[in-house]
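Have a look below at one chain only, the form predicted alone, in structure tokens format.
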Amino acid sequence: MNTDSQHHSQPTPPYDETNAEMPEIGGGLPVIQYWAGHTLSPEGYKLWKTLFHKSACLSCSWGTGGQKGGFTNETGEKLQRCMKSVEAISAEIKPAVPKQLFAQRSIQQLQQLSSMECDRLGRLSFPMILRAGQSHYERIDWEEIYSIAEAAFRQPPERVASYSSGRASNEAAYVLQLLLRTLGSNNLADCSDLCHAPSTAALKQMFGTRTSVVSLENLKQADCIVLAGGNPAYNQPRLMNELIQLREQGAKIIVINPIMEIGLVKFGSPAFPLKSLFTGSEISSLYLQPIPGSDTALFVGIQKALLQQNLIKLDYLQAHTENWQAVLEQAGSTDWETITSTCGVSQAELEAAAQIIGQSERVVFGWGMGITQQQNSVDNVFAICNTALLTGNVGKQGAGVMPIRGHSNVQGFGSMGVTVELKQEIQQALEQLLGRPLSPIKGYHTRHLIEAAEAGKVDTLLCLGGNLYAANPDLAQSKRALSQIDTIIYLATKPNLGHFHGLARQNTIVIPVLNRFEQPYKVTTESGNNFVRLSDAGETHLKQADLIAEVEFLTELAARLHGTYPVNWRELQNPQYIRQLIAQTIPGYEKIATIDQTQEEFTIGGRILTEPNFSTPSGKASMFETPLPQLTLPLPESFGVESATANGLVLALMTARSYSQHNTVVYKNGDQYRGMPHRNCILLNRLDAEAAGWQEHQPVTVQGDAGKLEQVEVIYGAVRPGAALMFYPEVNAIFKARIETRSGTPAYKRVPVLVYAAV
């Protein structure tokens, strides 16, 4: 083991074997070459024009843009665009899908396309419908769209639902939830149900807030970062700039991830071009590689080591927390053998992590979906936050807890009330606006929506962005469930797999919408650090297209359904009026009422904690005991593949994005940083492969509990033994949803699979 607990140096993680295709650093020269290739290409002018446009980035929630300029983050730093944002913009400025394509290609032919092929068709430029019994999408006029939609939304409210992603604005999100709640429906499923809902659930119980308590300005003051279950080198590259600067200031960075992601060891950012070209920057000070799904045990181990090293802040606990005694009792009484055998990380490594955390003055704990997409994910978040509280690292400058969100305005949708767990203050404000109580029937989150649809309980579905079909586990179930819904209306900028597989029983309507930098008016979004950005009005390059703004469609539909109750819906087609409603009904958003006059972007009130005062009934943070998970894998025989039991290997599979991917949208087939040349690969530890008698690059079958993928290429990588990685959404086809019951989030990061070679 390479850990030196005295000097906190760990040159390499324990499972660090790379393959021949992997680079020595993440980012670096390939990113600069990508930038150059795209910005000097024929699309370069449109790309640069968009990059400089004052609008929030289309990619992750590590917000840039807004009134400080396209390259600028919320603290005013320049050069804050990344490859992810260029990929997203490049896809949005493509030409329109050729008008004849949908007339020429049947739905069966369109279903043969991959995610990347769907995206590369181009921009949607006219509304279209697939009618029951027909084989092709056809153009539809707006009056018929509204006629079908109005009839569909007049069904009983419990049979009407929406699903959304973070691609739209706060204003569109607010109108969406007000439209449904005015109908009497709380069925506001959202993509966050599949990712950070466990963070929301845990943070609400512990601190009375549902989001990061750390601002970007606060993050810059930290002297230690704990980064668990995330890969910002792929998914939030601008965060890497902060990590690079923190390391240069002497901060320590502890990375917790079953896979050694090369970008979290060393990363070359275009913001630092000389280092990016030549050496890259060191990121991790200590790299821990736990068994997938064992993070609660790992953090209880760190807590035990903190206790043994006398690094617990008892004065802080007594003054500012509740139930701390039970948490300390659990850490103290759980034996080391149980902890280390559960998480697969040695006592020496956990003690080294505890020493770094306990001796640091200001620690920020950040986490991604490796923490939240587990069957015990709420406990994972509790365990992380318990560790922060035990060391006094919540409620002071430069410290705190920080879920790292993956979509640019997914947090804003939750703030606007697009959630089945509505804040009490928002509910009261909406009831005052409506002049009546909201429906007492609890709404469907995303997994409940799929299950209800499969049971024939949903008549109408409106999808505001996103890809409900492909984002879910068990794609056969997704397809079956959506096919039971009479009417599905998709609002989207580009075709995706859902438009060709997620088809309604009667009418599937696809409405082409303007993207964020094309809106004819100013709109707002919210970053993952609670900062509200204001985007300037823009225009689309699709001059002959028949596009609509999301707000315009939603308000027109609402006006036809509700008249002028409880507001003049058509007046809301000017988002300035929506912002007035937001200011009246959404706590912390009061400043949005004057943003059109002041142009002042702002941090949402009451969320950033620099003092240990918590929005709980007692004013103290609540701490929770966290039972260690009982992690087992099924026997090979349980997969029902008789020929595979002799040479099969059961592994804990993690689903992941590739490097050039945003959610379900794939920009490139391969993953150069993991050395995976295409989508149908499985990343394995060499020891596992050799024990099973396999060689690198040989084809295997990967069997889950819902299906199998064949001719999957074995790739050796720096993943711990017993674990493996494959790409989503393709691998979603082979497994059923194992759900974290408190949040509704599936366990995508620990999927039991049987891997075997053809006999």
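All residue numbers are counted from 1 along the displayed sequence. Quantities reported herein were computed from a predicted structural model and do not represent experimental measurements.
Just so you know, the form predicted together with a small molecule exists too; it's not on screen, but the next bit is about it.
Taken together, 181, 485 and 569 are entirely out of contact with the small molecule in the predicted complex: none brings a heavy atom within 4.5 Å. Listed residues 345, 665, 327, 558 were compared with the small molecule in the predicted complex; 665 is the one with a heavy atom within 4.5 Å. The partner is absent here, but in the predicted complex a heavy atom of 493, alone among 375, 340, 685, 493, sits within 4.5 Å of the small molecule. Using a 4.5 angstroms limit between non-hydrogen atoms, residue 573 is distant from the small molecule in the predicted complex.
By the criterion of a heavy atom within 4.5 Å, residue 524 is excluded from the residues contacting the small molecule in the predicted complex. The small molecule in the predicted complex is not approached by residue 50, whose heavy atoms all lie more than 4.5 angstroms from it. Proximity of residue 191 to the small molecule in the predicted complex falls within the 4.5 Å heavy atom cutoff. Stretch-level contact analysis of 617 to 625, 201 to 209, 141 to 149, 512 to 520 against the small molecule in the predicted complex, using heavy atoms and a 4.5 Å limit, identifies 512 to 520.
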